[in-house]
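Just the one chain here, laid out as structure tokens, in the form predicted alone.
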Amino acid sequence: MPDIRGRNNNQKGLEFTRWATQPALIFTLIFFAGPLAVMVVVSFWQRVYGKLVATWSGANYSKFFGTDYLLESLTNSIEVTLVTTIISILLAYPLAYILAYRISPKWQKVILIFAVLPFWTAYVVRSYSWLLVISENGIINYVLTGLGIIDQPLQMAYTRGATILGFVHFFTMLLTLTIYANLVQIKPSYQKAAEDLGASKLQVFFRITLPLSIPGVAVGAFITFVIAIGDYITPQILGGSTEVLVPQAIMLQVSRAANFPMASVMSITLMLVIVIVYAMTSKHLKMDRV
């Protein structure tokens, strides 16, 4: 009897799990899989005299990869995203390390609250705030010209550097949180054992702490890459129109040219880039307790 009851309970549990997951599955099919399938189909259609024609062809893909200014938007996005990710990691890792090992647990919670403050500010407001700092009439140029250090305002806004600055401001804190979450999971006994065996502090860091914290770095870097490469607001506000990234190019194809097939091609290409990055980093995207 106990075995039969156990089997019945397991079957009921499986049935409940299937029933409970159906709404999520339906939601995913309607709002993710469905639109994605439509976008893939439309990417093979043609736009003729302002109308969509369901003629299956790879001409849109050939045009995208064969047109310099369209392909340049992809390379610009990848370059900006990679630079943003690298700089954010270099800034975030020391902050996370200090927070995890140099700050007492009593103050860590307080500092973590300040670390998440950038997430409380609206994304658009944060981008426009940087314009108040780096524009020709901004705070930096006002101070430098007032002190007589420069004669003409520096051109800092509406450049690639401005876009990267806006990204780094946001993603440094995001990476700090993911790396910190991984560092505090490393058992102190590992580091103490290495020190007892004669390892110096640098050796402990490079042979114990750094390798074990790679998952936290990888998770934060992947999230940074995904959000940054698909972001439209920051490049539009801080970068202006001097250098077009893929999200901006997609918006131009939709709003000005109404070329939905080409916009679909660019969106799918962007997704494929993310899939490739995920495949390259998937083995590190685990933050199990160490």
Partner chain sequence: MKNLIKQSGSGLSRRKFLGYAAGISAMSALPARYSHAAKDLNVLVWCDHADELLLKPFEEAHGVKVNVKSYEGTGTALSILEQSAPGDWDVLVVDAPDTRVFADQGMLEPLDDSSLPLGDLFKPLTSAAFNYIDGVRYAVPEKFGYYGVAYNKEKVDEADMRSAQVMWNDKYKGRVAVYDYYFPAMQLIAISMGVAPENISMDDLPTIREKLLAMKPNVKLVGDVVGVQNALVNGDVDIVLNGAEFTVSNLMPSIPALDWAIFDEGGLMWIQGISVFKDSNNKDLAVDFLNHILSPQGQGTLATSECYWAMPASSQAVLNDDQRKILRWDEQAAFMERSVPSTISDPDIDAAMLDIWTEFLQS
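The structure presented is a predicted model; accordingly, all values stated were derived computationally and were not measured. Residue numbers count along the first chain shown, from 1.
If you look for the form predicted together with the partner chain, you will not find it shown, but the lines that follow are about it.
Although the partner is absent from the chain shown here, Y158, E243 and Q253 each have a heavy atom within 4.5 Å of the partner chain in the predicted bound form. Exactly one of the stretches 218-226, 54-62, 26-34, 258-266 approaches the partner chain in the predicted bound form with heavy atoms within 4.5 Å, and it is 258-266.
With the partner removed from view, the residue among T121, N137, Q203, Q108 that has a non-hydrogen atom within 4.5 Å of the partner chain in the predicted bound form turns out to be N137. Though the partner is left out of this view, T172 does not reach within 4.5 Å of the partner chain in the predicted bound form, counting heavy atoms only. Contact check for E195: every heavy atom lies farther than 4.5 Å from the partner chain in the predicted bound form. In the predicted bound form, the partner chain sits beyond 4.5 Å of every heavy atom of S43. Interface membership of Y190, defined by any non-hydrogen atom within 4.5 Å of the partner chain in the predicted bound form, is ruled out. Applying a 4.5 Å heavy atom cutoff to the partner chain in the predicted bound form picks out Y69, L70, E72, S73, N76 from 67-100, in order along the sequence.
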